[in-house]
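This document contains two forms of one protein chain, each encoded as structure tokens and listed individually as structure 1 and structure 2.
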Structure 1
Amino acid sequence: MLSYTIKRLIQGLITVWFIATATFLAMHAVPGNPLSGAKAMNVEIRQNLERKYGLNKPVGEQYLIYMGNLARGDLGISFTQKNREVNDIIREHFPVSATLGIMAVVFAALGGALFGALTALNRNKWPDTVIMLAVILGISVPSFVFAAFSQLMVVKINALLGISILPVAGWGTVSHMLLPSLVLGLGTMAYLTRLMRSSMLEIINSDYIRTANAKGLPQTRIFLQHEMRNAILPLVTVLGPSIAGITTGSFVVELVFAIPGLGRYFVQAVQQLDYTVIMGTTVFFGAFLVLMVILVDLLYGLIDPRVRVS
């Protein structure tokens, strides 16, 4: 297990290096630079700024400097936010995105496992039909549509009752987190529900489940120890990328609900061609995704002993 873990970590480092390199090349292939949108300035001031940020150096030399700083954990200084390091931006605002993402993942995982099992146990019955219809909507409709619709519903309910049940925007309390986390987790929950249903149907019709029923084991024990435990393995496989995707992919939801997460700064950096913030956040998101995938691989071995044996 130790050698496998070391091997996966090395593969993860190579993947992060590739992400960093691809992001660096893509940013320098975009026309213009972070100073293009600045106010009118004379040539001398522009040259001084380019010299300060290293934009006057050849691209190859900039790449070596960037990779050297990255190896030391230094993601650079923002071009557009005065005297603010990218590390500080990530340190201050990623916990907000992570909190929102964790709540969304918990909602998606619990709902996906529960509704997936329910549809499998009631195949071709009305619960199966209703839930699968909701799954199709959850997969097909973009998150910003659910966000706007949920805000409208909450406003109507608050006006009808004359009190504020839930806030429609902002951040700071648990009540502020509930609505955006539900909206953010809907798409993932729908995907996990469909995956859990397929896996559960395959398990229910397997030979060892028939044997357990023939032995007269309690249905609760069969469901929890044999059906759920084996059917949930595919969910664990995709849970790592789902965690990273929800935690780092909440840009639109953060904007709609006015949440001060890291996604807002990434969008602003793209609009302003802030090289360091774009590259730093992209590498951070990529490294986080790779880490989640590695952790899921290791967790998979703990859940299924056959993986450890192989």
Structure 2
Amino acid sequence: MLSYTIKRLIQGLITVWFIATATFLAMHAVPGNPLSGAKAMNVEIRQNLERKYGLNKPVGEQYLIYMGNLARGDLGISFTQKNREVNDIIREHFPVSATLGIMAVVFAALGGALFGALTALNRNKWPDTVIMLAVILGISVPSFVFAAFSQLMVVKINALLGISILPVAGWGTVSHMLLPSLVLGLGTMAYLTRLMRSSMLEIINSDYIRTANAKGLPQTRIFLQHEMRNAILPLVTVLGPSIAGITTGSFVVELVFAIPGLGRYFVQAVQQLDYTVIMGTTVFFGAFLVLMVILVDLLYGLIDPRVRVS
């Protein structure tokens, strides 16, 4: 077990190195200079700036310096936010993205499990039809449409009631988080509902449920202890990748709801060609993903005795 973990971690480190190198190459392939501004500067000022950021050195040397700093955990100073270290930017903005992502996954998992179970238990009755219609919407409507539309709805409702039920944008309190995380989690919720529905259908038609019913067990107990518990397993296995995917894919929601997450910074950094922030964000997200995958694999080995880590 321990040696397996170590082996996986070493592989993970190599993967992070690969990500860093790929980012470095892709980034330097982008034409343009991160130091240029709307107004051109004269040669002396330009050289002073390049010296400060080490851009006067050959690309190979820049790469080695960057990798050296990376190994020490130093991601450098942002080109656009000149008084902030990339480490600080990540430390301040990643928790926002992560909170948003985790809340979205919680919504998605809760909603998916409940709605999925509901549809399966009422197969071909109206709750099934209604929910599956909603699921179809959730799968097929792009998230940016949802984001804009939900924001508009909140405004209308607030105006109608005369008080603010939910804030329209911003970040800080739990109420700020509800709408964006719901929007972010909607797609995953739809996917999980479908997964839950088929998994539940399989279970309620199985022999042991029939037995439990025949024994006269209370319905609630059958539902909670047998049906839900077993049907939920497939959901658990997809949660790990979902969290990572959602956390790293929340650009649009962060943009529309004015949330200071890391995704928004990345889009800006790319547009501004902010080398250090681009590098830092990709390497960090890459490492995060790799770690999540390793963790899920290890946990899965612990939870499910049929799977032996090898």
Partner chain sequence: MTGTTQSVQSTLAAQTTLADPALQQGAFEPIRSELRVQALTRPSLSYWQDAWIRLKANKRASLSLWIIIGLLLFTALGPQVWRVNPAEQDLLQISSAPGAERSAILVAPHSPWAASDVPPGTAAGLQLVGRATTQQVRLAWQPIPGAADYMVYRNIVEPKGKATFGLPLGPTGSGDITRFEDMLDLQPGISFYSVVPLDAGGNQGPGSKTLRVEIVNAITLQQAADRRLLEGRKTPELGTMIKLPFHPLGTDYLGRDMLARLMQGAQVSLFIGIVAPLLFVLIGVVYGSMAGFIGGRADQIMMRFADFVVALPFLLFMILFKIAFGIGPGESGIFPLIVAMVILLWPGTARLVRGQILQVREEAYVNAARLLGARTGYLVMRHMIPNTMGVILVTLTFAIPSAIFTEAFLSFIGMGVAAPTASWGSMSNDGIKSMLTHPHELFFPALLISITVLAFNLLGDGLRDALDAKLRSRE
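Quick caveat, the model's predicted, so the values are computed rather than measured. Rigid core (definition): largest C-alpha set, two forms, superposition within 1.5 Å. Structure 1 provides the reference sequence; residues are numbered from 1 along it.
Structures 1 and 2, same chain in two forms; the form predicted on its own is found in structure 1. Core-superposed comparison between the two structures: CA of M177 displaced by less than 2 Å. A displacement of 2 angstroms or greater separates the C-alpha positions of A190 between the two structures, with the rigid core held in common. Its Cα shifted by 3.6 Å, A134 is compared between the two structures on a rigid core fit. Summarising the core-aligned comparison between the two structures, the C-alpha atom of F223 is found to shift 6.9 Å. Relative displacement of the A212 Cα between the two structures on rigid core alignment is 8.7 Å.
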